[in-house]
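One chain comes next, on its own, written out as structure tokens in the form predicted alone.
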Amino acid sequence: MKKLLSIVIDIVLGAAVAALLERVIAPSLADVQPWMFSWPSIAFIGSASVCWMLLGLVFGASLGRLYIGLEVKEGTARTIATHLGLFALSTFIIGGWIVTDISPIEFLSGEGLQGAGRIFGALLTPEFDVIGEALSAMVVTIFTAFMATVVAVPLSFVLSFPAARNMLGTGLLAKTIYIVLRAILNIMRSMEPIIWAIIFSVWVGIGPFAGMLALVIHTIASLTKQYSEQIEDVNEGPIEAISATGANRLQVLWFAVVPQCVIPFLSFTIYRWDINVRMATIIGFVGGGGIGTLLTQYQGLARYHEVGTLVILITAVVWLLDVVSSRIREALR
């Protein structure tokens, strides 16, 4: 299975490198628009991926093998694999530079620096007349993050046990539950909170409730993953000892597994609340309520003095919460 996976990785990597060369780098060097995607393009990309795969099969120079932890023999195979890796990395860097349209000239242009100077000048001379409104919005942001964490923690705790590979057994049903749950959690986590905030803003209306729901979804996915990985790393000794007394499955979990995980769970939870406060600011940009919404309003009106006030307040609150959460996590160790 691992060998097959390494071949698939080589094919995909070869196709990606060829596509970047043919669709991005070559047109940029020729200073032309990318040509129409056609059968010659498909043939080039397909041929490159096959060649990449053959280098792995014939010479053993497989980056896929290295990725999944299989051995690549020293000598010619290792040398070819090293050069392939460097070539792929260089291609991705050059392709990324072109795709993201990086321009140091524009970044350091006189006009751009003047515009940046005006904005930073305004940000550094805040308008404190809006401090009352800003504090009120900041309270909404903090409690949005707090309630999202409170709601997500018990759900994450319950879901973490079926999401841990060593807790369900080896039966077909257990494996199915594990795979399905992990897939759902990965989907939930892959969608950023700002996307969930957009969805819930349509669902329940613009405001902090939509922001809280967005953070709940992402927090459940993240904490369940962290909790389950901690459960998978527990010491099997207490589990075997309590099982030997005739305890049922629930008793084993509660008396053998949970005590080993309480402190890490608390640490993960506190850290997650710290993250949620930062995220709650961002989701305010799409209707999640709180200080992010206020920041969007002032930024849209180009009132950068007021924006400077909000930035200072956000920085101070995030810094304070970071210090507090760090001290709490240290006390729990």
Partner chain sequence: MALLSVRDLTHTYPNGFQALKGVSFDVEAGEFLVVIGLSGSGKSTLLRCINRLIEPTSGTITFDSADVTHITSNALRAHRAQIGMIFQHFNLIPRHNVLNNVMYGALGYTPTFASLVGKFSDELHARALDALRVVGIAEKSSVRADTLSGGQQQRVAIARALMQHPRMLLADEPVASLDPSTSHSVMSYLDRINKDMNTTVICNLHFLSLVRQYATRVVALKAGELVFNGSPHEITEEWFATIYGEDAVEVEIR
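Residue numbers count along the first chain shown, from 1. Since this is a predicted model, take the numbers as computed values, not measurements.
What comes next is about the form predicted in complex with its partner chain, which does not appear here.
**Student:** With its partner chain left out of view, choose which of Ile263, Ile194, Leu123, Val151 has a non-hydrogen atom within 4.5 angstroms of it in the model of the complex.
**Tutor:** Checked against the cut-off, the match is Ile263.
**Student:** Please pick, from Gln226, Thr82, Asn166, Ser243, the one residue with any non-hydrogen atom lying within 4.5 angstroms of its partner chain in the model of the complex.
**Tutor:** In short, Ser243.
**Student:** So in the model of the complex, are Ser103, Gly110 and Gly115 all sitting within 4.5 Å of its partner chain, heavy atoms only?
**Tutor:** Zero of three within 4.5 Å in the model of the complex.
**Student:** Counting only non-hydrogen atoms, which stretch in 176-184, 200-208, 231-239, 127-135 is within 4.5 Å of its partner chain in the model of the complex?
**Tutor:** In short, 231-239.
**Student:** Is Ala256 a contact residue for its partner chain in the model of the complex, using a 4.5 Å heavy atom cut-off?
**Tutor:** Heavy-atom contact with its partner chain at 4.5 Å: present for Ala256.
**Student:** Does any part of Leu250 reach within 4.5 Å of its partner chain in the model of the complex? Heavy atoms only, please.
**Tutor:** Result yes; Leu250 sits at the interface with its partner chain in the model of the complex.
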